[in-house]
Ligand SMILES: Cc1ncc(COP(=O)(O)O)c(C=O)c1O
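Here you get one chain, nothing else, as structure tokens; it is the form predicted alone.
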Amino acid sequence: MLAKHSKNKKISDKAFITSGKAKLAISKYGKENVINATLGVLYNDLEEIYTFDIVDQEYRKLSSQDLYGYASSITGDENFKTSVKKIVLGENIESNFPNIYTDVISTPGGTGAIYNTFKNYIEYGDKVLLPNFMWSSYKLISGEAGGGYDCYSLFDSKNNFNLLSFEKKVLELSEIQKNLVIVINDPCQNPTGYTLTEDEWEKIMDILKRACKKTNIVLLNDIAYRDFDNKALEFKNIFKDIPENLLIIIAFSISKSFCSYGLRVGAQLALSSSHRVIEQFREASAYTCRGIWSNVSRAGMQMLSNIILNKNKYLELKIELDKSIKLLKRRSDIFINESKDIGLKILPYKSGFFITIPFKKGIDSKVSLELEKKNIFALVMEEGIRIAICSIPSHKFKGLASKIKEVLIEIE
């Protein structure tokens, strides 16, 4: 009965499967004896979902019309669009981004922003460029949009961003594709917690501008975790002197920065030096919105706008965000310091929800099994273990690095 293009569709989401195993283990052995480091959800030290008071208060104050009504537009409410621009680009947008046109399209979470971008800018059969350590759903979304993927090595032998590998792949694909969509998840990259320096960003932009002489470039910057990096670079220092055939799309989400995962509110924020490119972005994106999901949660958009467009409430949100950043730092410091003491190699972490321990290819299933025997549940990828430090209470980090090293020594 399935259409030909759907016959081979089959999904097995490791993170949610492993999370299910963790819940079973908790019911059997008790919460204190299990480490659930699977999902990218922030929990407090009582292992309860972390919430921001200002977000909870504003959401609960919404009217019935805002809670249950349709949004005013397929592409999102105007106050929401203004709020997204303010969060991402800051104040004084016109002076900070001279000769740049912008627009915002509301989407169901950051995932919707990624899908909309892939759907409208990947030619059928073309490849999106991804790092080898990534959020695996990028591959799935590209496939659903009719594309494939290729990967560059995220780090070089010195654990710096691998500019040579990135440049090589960009220039290779620029020779054979009319459009090249490139994903950079920065800052607080999932799954490594790495954040690019301003110098690395400048070199990346130089590479993309050279590639624009051969093909159209769409840079998709997924900023899902940006608010958990209190030293995040300002985009005005990065996105300047943009060629007309270099479109920048920033994937925004309230899932992480507002601890509002289930509301499914996000946005595409596009920047271009071409008014026509932005017009095309708006037209194609609106068409896809209407054809796929039609409308984004009015309640989520209104809640965000009520906070961001009120100076005092926005300040309150930033204060609460700062507390969560400090919580993540306490946890990461414990794990990183113990890892250094025992010689457990980790990929370079700066900030965010995740830390990754690399290992050689071909042993992932064994690593999963041995970790689970120790009641440690994490996302085991092809070349590494992603530890969701966001979900582990601080007191459970003591000895965790040692247990992981024991597993790797036994298997490797």
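Since we're looking at a predicted model, the values are computed, not measured. From 1 onward, residues are counted along the sequence shown.
Absent from the display: the form predicted in complex with the ligand. The rest refers to it.
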Q. Looking at the ligand in the model of the complex, do all three of Lys119, Lys127 and Ser174 come within 4.5 Å of it through at least one heavy atom?
A. no
Q. Does at least one non-hydrogen atom of Ile250 fall within 4.5 angstroms of the ligand in the model of the complex?
A. no
Q) If you check in the model of the complex, is Ser255 within 4.5 Å of the ligand, heavy atoms only? A) yes
(Q) Please tell me whether any heavy atom belonging to Gln268 falls inside 4.5 Å of a heavy atom of the ligand, as the geometry stands in the model of the complex. (A) no
Q. Heavy atom to heavy atom, is Ser272 within 4.5 Å of the ligand in the model of the complex?
A. no
**Q.** in the model of the complex, segment of 153 to 161, 197 to 205, 86 to 94, 255 to 263 with a heavy atom within 4.5 Å of the ligand
**A.** 255 to 263
Q) If you check Gly300, Gly193, Gly109, Gly76 against the ligand in the model of the complex, which one has a heavy atom within 4.5 Å? A) Gly109
Q) Among the candidate residues Val296, Leu304, Ile114, Ile217, which is the single one with a non-hydrogen atom no more than 4.5 Å from the ligand in the model of the complex? A) Ile114
Q) Which residues within 137 to 156 place at least one heavy atom within 4.5 Å of the ligand in the model of the complex? A) Tyr138
